[in-house]
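Below sits a lone chain in structure tokens, taken as the form predicted on its own.
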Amino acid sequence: MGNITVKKIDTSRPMTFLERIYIWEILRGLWITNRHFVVNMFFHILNLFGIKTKRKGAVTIQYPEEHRGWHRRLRTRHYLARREDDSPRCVGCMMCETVCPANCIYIVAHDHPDPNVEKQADKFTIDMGKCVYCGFCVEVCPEDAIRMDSGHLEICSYTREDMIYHIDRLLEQHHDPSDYKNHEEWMEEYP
């Protein structure tokens, strides 16, 4: 076999004189920033005087005091659903643990006392500090045991240990849609 040579193709174009002295690029950046400022200020002034336009100016939301509103399909904090007899729905099949790309779910299963139910989760832990909120665990669950529609978005804490949710903490949470806004109104409010 002969040697194979790979020829590199240079796809970068040479910089022009104005690009090399950088002053032109700085002026372009300042122009873009000032253009956004003037356009947004124009629309804010029109709205201030009651002139309705299709476009609004950029809006800064003061987060802790003011909420933007959440989409109806937003993935929020996890919780485990219960059966009618108040036991966890999770059967310890390990599918959510297997599919999790962040490896933040840990499950230990044992046999259920009821012979009709094969297994149940003895330990179920989610490390929220690692979770990427992809929702794969919810989609893959055959028992609809794990859910991400609790309505609780803020999961901040001061310690790393508070970010680890064990089975008892996951079972005490439930679906609370009171924080959700009307989706259609939210879409009109913030395009």
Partner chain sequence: MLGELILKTIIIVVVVNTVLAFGGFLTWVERKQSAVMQDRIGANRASILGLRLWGLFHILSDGIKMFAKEEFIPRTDHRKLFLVAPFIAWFFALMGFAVIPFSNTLHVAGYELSLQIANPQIGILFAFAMMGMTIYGLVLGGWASNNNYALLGAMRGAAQMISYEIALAAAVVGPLIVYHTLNMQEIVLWQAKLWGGWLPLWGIVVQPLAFFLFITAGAAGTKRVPFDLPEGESEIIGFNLEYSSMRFGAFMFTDFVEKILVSCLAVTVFLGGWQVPFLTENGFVFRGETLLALSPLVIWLIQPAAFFLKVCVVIYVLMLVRWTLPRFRYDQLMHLGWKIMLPLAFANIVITGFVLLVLKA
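Numbering follows the first chain given and starts at 1. Given the structure is predicted, the values throughout are model-derived calculations rather than measurements. Just so we're on the same page, rigid core means the largest C-alpha set that superposes within 1.5 Å between forms.
Form predicted in complex with the partner chain: not shown, discussed below.
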* Counting only non-hydrogen atoms and a 4.5 angstroms cut-off, does Leu30 reach the partner chain in the predicted bound form? -> yes
* the partner chain contact at Ile45 in the predicted bound form, heavy atom, 4.5 Å -> no
* Asked: Does Leu18 reach the partner chain in the predicted bound form if we count a contact as any heavy atom within 4.5 Å?
  -> no
* Asked: Taking 4.5 angstroms as the cut-off for heavy atoms, does Gln62 touch the partner chain in the predicted bound form?
  -> yes
* Asked: If you check in the predicted bound form, do Ile26, Phe37 and Met41 all have a non-hydrogen atom within 4.5 Å of the partner chain?
  -> yes
* Structure fact -> Among Leu153, Ala58, Val132, Ile51, just one has a heavy atom within 4.5 Å of the partner chain in the predicted bound form, namely Ala58
* **Core-aligned C-alpha movement of Gly57 between the shown form and the other one reaching 2 Å** => yes
* Threshold 2 Å Cα movement between the shown form and the other one at Phe43, rigid core reference -> yes
* **Core fit, then Arg28 C-alpha moves 2 Å or more between the shown form and the other one** => yes
